[in-house]
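Just the one chain here, the form predicted on its own, laid out as structure tokens.
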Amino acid sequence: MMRKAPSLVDLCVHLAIDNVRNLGDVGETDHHLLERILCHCTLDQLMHIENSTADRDLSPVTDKLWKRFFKDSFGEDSFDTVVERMEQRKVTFKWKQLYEAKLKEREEATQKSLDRIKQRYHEEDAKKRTRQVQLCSKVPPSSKKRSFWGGETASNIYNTKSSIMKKSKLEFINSREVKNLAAMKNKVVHKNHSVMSKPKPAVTSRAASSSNNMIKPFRRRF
């Protein structure tokens, strides 16, 4: 049995469906043809066709398509909420308008969230900058005193920026070898001080005269 050859209208519809991404103004297209063609559009393609067809209201064809897009994009709960509100208020809106209003509401909510995140980021960055300025504004006290082993003093160690360097230097200062050297030096200094401060024995007058007699030159007798 031979298949019936497609009509010219069917060929045109199939061609339009294959090239639906290129469609624009469809104001002169019959209603029943649009129903066969536009159901193959994506959301962006349908939006483009409706915006391009300015002289004709396509909602009789596209309203059910926008209803499906609304449910798919925003979920079943949002869809049921909108339907319930329209029934309570006894009003109806085109689903394209409802989709655009919901999309705008979501974009505004997203933008507010981004603004809050950005504001928090700026606040944290300002706090960090403030702490950095406070740290840089403090000039560590300079000290030219050096310890007996030629290194830095304890005050300079505490002003060191690196905590690792602080720890290593403190460990070096508190090491047994350094303490032994310090004890040895203190012992030597104390001994020298004791020797220098020891009083000299007083010279008596008898000893002085005796000394003078000893050094008195011998006179030659003739």
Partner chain sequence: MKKEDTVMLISAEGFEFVIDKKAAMVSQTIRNMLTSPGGFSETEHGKVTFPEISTTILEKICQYFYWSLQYASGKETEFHIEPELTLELMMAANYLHT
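Remember, it's a predicted structure, so these values are computed and weren't measured experimentally. Positions refer to the first chain, counted from 1.
Below, we refer to the form predicted together with the partner chain, which is not included among the displayed structures.
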Contact flag, Thr29 vs the partner chain in the model of the complex, heavy atom cut 4.5 Å: yes
Does any heavy atom of Leu33 come within 4.5 Å of a heavy atom of the partner chain in the model of the complex? yes
Residue-level question: is Val61 within 4.5 Å of the partner chain in the model of the complex, judged on heavy atoms? no
Would you check, heavy atoms only and a 4.5 Å threshold, whether Leu46 touches the partner chain in the model of the complex? no
Within 4.5 Å of the partner chain in the model of the complex: residues from 4-34 (heavy atom criterion): Lys4, Ala5, Pro6, Ser7, Leu8, Val9, Leu11, Cys12, Val13, Leu15, Ala16, Asn19, Leu23, Asp25, Val26, Glu28, Thr29, Asp30, His32, Leu33
